[in-house]
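Encoded as structure tokens, the following chain is the form predicted alone, with no partner shown.
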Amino acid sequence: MLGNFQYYNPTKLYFGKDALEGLGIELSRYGKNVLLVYGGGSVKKNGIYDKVVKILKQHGKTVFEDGGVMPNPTVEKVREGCERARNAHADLILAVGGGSVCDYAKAVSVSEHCKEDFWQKYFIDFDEPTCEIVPVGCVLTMVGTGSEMNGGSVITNHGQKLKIGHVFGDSVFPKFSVLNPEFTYTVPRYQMISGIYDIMSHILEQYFSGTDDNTSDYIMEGLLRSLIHSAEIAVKNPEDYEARSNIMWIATWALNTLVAKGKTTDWMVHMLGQAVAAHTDATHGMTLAAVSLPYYRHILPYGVQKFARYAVNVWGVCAEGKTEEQTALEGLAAMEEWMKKIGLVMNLKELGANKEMLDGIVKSTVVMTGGYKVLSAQEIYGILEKSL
């Protein structure tokens, strides 16, 4: 039964091959100074940087650059970004890149004018900003995180061995996002596949919670079926526009807060994966892939009806003559086969983790309470051990 909730998403999207025209439309709403945020420089190699800068200059903007955002943005990099934003007197932060760049831009947007330590305030105490927030816009070049249409920001503190996400309120959502599927064509295969699994994991984190007849679950089953189909096409032909556009659109709807309504949501796979990344700096989607099946097999007995439904409605498992547990396990086996088929990393050893790290990873894991089982430290260790 759906409870009471409010839904509002303030992000305006421009989608399709001509989506970049939307950037020019939006720029008139902001002042002269733009902090242009991007990653390691791939946007310069593939020509997207030049296209964006041309539009910015055509609209009379003064461009200040903040490049070098890493895949797991760090506390130190955010502090550097805040200094750049202050020096630029930024009226707009424009993130050109994937989810990490968008996440980073949001962290800078709420921290530039913050008088307190931003890490403590936002990522330890999970406070909302009380200072001025610099508006953010996104030009997306890699899909997976859904950061283009939500308030999420994940930042890594290597000194504390923590990778923590804060889901800010709608005042921190990007004001606009430009989504051209063709901009994702040059993403390396490993990163594309990692992003695909990040999308799947976002949906599953919300799906595997609750026992009611919830409309959100029906929506998520459709999103999952579309993702599974399109991913197989994209892996064979990364420039299949239909497949890449479907994946991009699914990624946005997977985490723009819509399907979470009426759900308690789980998020333990992300907590496990982020803890692993805090110790290894491994690629986000791959850490999720490595821990997912051991985690789901562990909690399956506590949510067996939903896992059986998942097997039937998403993977097409025939339930006739089988127990719910048998059906559910067959669904996870089908999921495992698909994960291997598209080339995901299936264990933590490949990501640089080892048994000696497990105690530290357990300590870095935030325990969530919205799923089918609240894990003990001993259970977390066991799941991680099976993930090796």
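Position 1 is the first residue in the sequence shown; the rest follow in order. None of these values were measured; they are calculated from a predicted model.
From this point on, the text means the form predicted together with 5,6-dihydroxy-NADP (NZQ), which you will not see here.
Asker: At 4.5 Å between heavy atoms, only one of the stretches 118-126, 217-225, 314-322, 92-100 reaches 5,6-dihydroxy-NADP (NZQ) in the model of the complex; which one is it?
Answerer: Stretch with heavy atoms near the partner: 92-100.
Asker: Just to confirm, with a 4.5 Å cut-off on non-hydrogen atoms, which of Thr257, Thr280, Ser245, Asn72 contacts 5,6-dihydroxy-NADP (NZQ) in the model of the complex?
Answerer: Partner contact (heavy atom, 4.5 Å) among the options: Asn72.
Asker: Looking at Asn354, Asn46, Asn347, Gln326 here, can you tell me which has any non-hydrogen atom within 4.5 angstroms of 5,6-dihydroxy-NADP (NZQ) in the model of the complex?
Answerer: Going through each option in turn, the one that passes is Asn46.
Asker: Residue-level question: is Pro188 within 4.5 Å of 5,6-dihydroxy-NADP (NZQ) in the model of the complex, judged on heavy atoms?
Answerer: Yes, Pro188 is a contact residue.
Asker: Are any of the heavy atoms in Ser209 no more than 4.5 Å from a heavy atom of 5,6-dihydroxy-NADP (NZQ) in the model of the complex?
Answerer: Contact check for Ser209: no, nothing within 4.5 Å of 5,6-dihydroxy-NADP (NZQ) in the model of the complex.
Asker: Looking in the model of the complex, any heavy atom of Lys77 within 4.5 Å of 5,6-dihydroxy-NADP (NZQ)?
Answerer: No - in the model of the complex, heavy atoms of Lys77 and 5,6-dihydroxy-NADP (NZQ) never come within 4.5 Å of each other.
Asker: State yes or no: in the model of the complex, is some non-hydrogen atom of Val110 no more than 4.5 angstroms from a non-hydrogen atom of 5,6-dihydroxy-NADP (NZQ)?
Answerer: Val110: no, not in contact with 5,6-dihydroxy-NADP (NZQ) in the model of the complex.
Asker: Going by heavy atoms, what in 120-150 lies within 4.5 angstroms of 5,6-dihydroxy-NADP (NZQ) in the model of the complex?
Answerer: Those in contact are Thr141, Met142, Thr145, Ser147, Asn150.
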